[in-house]
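In the form predicted on its own, a lone chain appears below as structure tokens.
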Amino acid sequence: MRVSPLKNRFLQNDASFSERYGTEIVTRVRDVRTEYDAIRQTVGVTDFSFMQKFRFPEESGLDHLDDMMAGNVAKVRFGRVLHTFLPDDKGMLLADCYIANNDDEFIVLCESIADDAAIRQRFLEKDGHGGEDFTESHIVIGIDGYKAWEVARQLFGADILGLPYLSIERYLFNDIPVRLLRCGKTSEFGYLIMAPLEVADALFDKVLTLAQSFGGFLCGTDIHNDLRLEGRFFNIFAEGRQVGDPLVLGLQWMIDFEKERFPGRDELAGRRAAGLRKKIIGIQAPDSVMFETEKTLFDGDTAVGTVKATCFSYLLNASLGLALFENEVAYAGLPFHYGSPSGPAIRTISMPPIMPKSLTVKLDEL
């Protein structure tokens, strides 16, 4: 099992750990509500070193990556990041990927539902592209929250305020190059810092100290699952793993069907042409109900949907979920019954149902 280089730092803070696809992850540091409030109100620091990481020279890696990914890597401009996915040979989900064009290189960060060996084989099985696996030689620290930009500005300077969403920039930390991606999937400001092991501990300590100065602290990955659902960001570890088909999950925006080839392209195009029979829709429960995955939803006596992902929204004081519905009833604003034909009444909703606090901040005016 792969263990994060930052494990000892989290052990010192009484963190909880679990295994996911052959990698140990930090699941929780404090209680759910405290970590939720950290990101929604201040800033949370999370270890994302579980991500698989690769580097490819721009000249030799571009075609290789474009042939692998559902999105169009060739169209990624310098300094920008493509959010797409790595499909298997049937066009089903293997990994949720950021592909960053960082001047003379492409950086790839993956959250995958396959172990390191399987993902490494996909990226490096062909010769001639000069690819490198950075998975064990680099850490990734996530900074997310309403005040995340303050931490990034203190680290790297005021020019981070000009970084658009899905962008990448090189900076120096202790005279060592690190890569900063503005991304995040919580609806609040978010950054990922990818850095070599030689500055891992010093960088972590600096980031945490800065976060604490703005009222933030360490968080685990579990709260990110909740925040992604609440903000309707795709989560490969929840609905992605449960459903698998990017079309059913509404991920057509990640796919470029004009490309001549990528794994599973023909299968995806065939399913698209045939038409989808099911669709993912948001759901909200009344105060007394807490959704559970794989529970059935009913329209009268007819089973019409299944819950695939859940979270509790402290902003709404309600249980939220994503459910896989039959197309005929896959619309927001409809009532259904949860668990049985006579179960509690729930309703479908438009996602996301919240307004993140970060939208009140205008970085270009600071």
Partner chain sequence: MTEAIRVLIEQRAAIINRFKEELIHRLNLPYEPQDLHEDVSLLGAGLGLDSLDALEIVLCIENCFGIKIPDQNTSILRSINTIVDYVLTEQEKRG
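Numbering follows the first chain given and starts at 1. Please read all numbers here as calculations on a predicted model, not as lab measurements.
A second form of this protein, the form predicted together with the partner chain, is not displayed here; the remarks below concern that form.
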Handout entry: Heavy atom of each of V289, T296 and P344 within 4.5 Å of the partner chain in the model of the complex
Key = no
Completion exercise
With the partner omitted here, the residue among E328, E58, D31, D63 that in the model of the complex has a heavy atom within 4.5 Å of the partner chain is E328
Problem - Proximity to the partner chain in the model of the complex, single hit among R272, R277, K126, R241 (heavy atom within 4.5 Å) - result: R272
Handout entry: Among 247-255, 135-143, 203-211, 168-176, the region lying within 4.5 Å of the partner chain in the model of the complex by heavy atom distance
Key = 247-255
Exercise for the section: Flag Y338 as yes or no: does it have a non-hydrogen atom within 4.5 angstroms of any non-hydrogen atom of the partner chain in the model of the complex? Expected result: no
Practice task
Report whether the minimum heavy atom distance between L315 and the partner chain in the model of the complex is within 4.5 Å.
Solution key: no
Exercise for the section: Decide whether G282 counts as a contact residue for the partner chain in the model of the complex under a heavy atom distance cut-off of 4.5 Å. Expected result: yes
Exercise for the section: May I ask you to check whether L11 falls inside a 4.5 Å heavy atom distance of the partner chain in the model of the complex? Expected result: no
Exercise for the section: Just give me the residues of 68-101, first to last, that have a heavy atom within 4.5 Å of the partner chain in the model of the complex. Expected result: none
